[in-house]
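Single chain ahead, by itself, as structure tokens, in the form predicted on its own.
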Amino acid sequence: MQQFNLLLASLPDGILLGFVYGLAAMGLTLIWGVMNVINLAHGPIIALGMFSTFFVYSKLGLNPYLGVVPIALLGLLFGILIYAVAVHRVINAPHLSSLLATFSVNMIIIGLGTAALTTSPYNVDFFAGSLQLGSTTLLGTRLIAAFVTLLFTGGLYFFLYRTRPGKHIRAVANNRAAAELMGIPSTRILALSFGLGTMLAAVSGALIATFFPFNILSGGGYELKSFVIGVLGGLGNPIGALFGGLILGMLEGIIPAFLETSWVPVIEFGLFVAILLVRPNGLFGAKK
């Protein structure tokens, strides 16, 4: 009975966290799906999103959820800058070159962030109320973050399938050479795709900052979760990443009810390996 009550308390919270995990993974899987680049700077970008929320709320006095809009725009521009400086010249090189390029960006961000912000924990002390459902308490910050995630997911779907730049992104993802022959400027489309992936990572960090304390190294754990979610949802399928995030969030809500929390990463990465072995394209397949 005690385990059942614990499950009722932790599962809804895990599912709500899963929405934000899915948003973080969307950025990673979008970049992979369009340009076959594994972005190892994904974690530090999530951390920058966290600090952006901290400064927007603590220094400017804005509601952290209103701050998501400028953070998203800055994330988009920052991603385009990273692509132009570090990724563009190695986009057609072997995968190791792009890995090293994004890893270099990763180390630069962490180094500068550590020098400027230290590794001491920061906290966004924001309370958005709560909702009581029987014995389960749902925090307002989790509910709002899940709603924001659904907005961004819907916006991404609309952009990719209903706008000309979005259709260009899908064309480049399917066959870059053919898209170029049809007059699509692939360089600009790749830069836009990397910017969108970076934007989603920054927004997820901005939302996570309202949940837990963080520092410049905190994004690393969410980057690893994004890899697991990307495999679950199908690398190259941004919308599938949301479902992968929900699955991971459910696991994080279920496991502590029956096992020590130290088992959570063990089971998560065990699932990661199992999916790679049994269904490499992910549970929902890769769509381009």
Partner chain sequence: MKLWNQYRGLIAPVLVVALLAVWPMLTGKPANRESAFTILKAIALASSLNILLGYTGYVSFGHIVFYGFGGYVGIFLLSGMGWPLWASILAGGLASGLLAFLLGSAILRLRGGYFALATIGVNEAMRAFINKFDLFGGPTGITLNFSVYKAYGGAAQALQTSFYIGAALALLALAISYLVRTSKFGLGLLAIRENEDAAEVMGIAAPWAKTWAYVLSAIVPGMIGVLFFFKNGNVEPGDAFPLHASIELLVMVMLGGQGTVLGPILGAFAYQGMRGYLVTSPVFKDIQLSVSGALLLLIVLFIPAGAIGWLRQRVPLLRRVLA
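Small disclaimer: the values here were computed from a predicted structure and weren't measured. Positions refer to the first chain, counted from 1.
The same protein also exists as the form predicted in complex with the partner chain; that form is not shown, yet it is the one meant from here on.
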Going by heavy atoms within 4.5 Å, which of 196-204, 111-119, 175-183, 142-150 lines up against the partner chain in the model of the complex? 111-119
Would all three of A72, L232 and L283 be in contact with the partner chain in the model of the complex, where contact means some heavy atom lies within 4.5 Å? no
Would you please decide whether Y222 lies within 4.5 angstroms of the partner chain in the model of the complex, comparing each non-hydrogen atom pair? no
Is there a heavy atom of W263 no more than 4.5 Å from a heavy atom of the partner chain in the model of the complex? yes
Report yes if any heavy atom of T136 sits within 4.5 Å of a heavy atom of the partner chain in the model of the complex; otherwise report no. no
Although the partner isn't part of this model, could you tell me whether V85 comes within 4.5 Å of the partner chain in the model of the complex, counting any heavy atom of the residue? yes
Exactly one residue in L62, I247, I38, I239 has a non-hydrogen atom within 4.5 Å of the partner chain in the model of the complex; which is it? I38
Which listed residue (I80, V90, L160, A171) meets the criterion of a heavy atom within 4.5 Å of the partner chain in the model of the complex? V90
Note that the partner chain is not shown here; using its position in the model of the complex, name the residues of 41-60 with a heavy atom within 4.5 Å of it, in sequence order. none
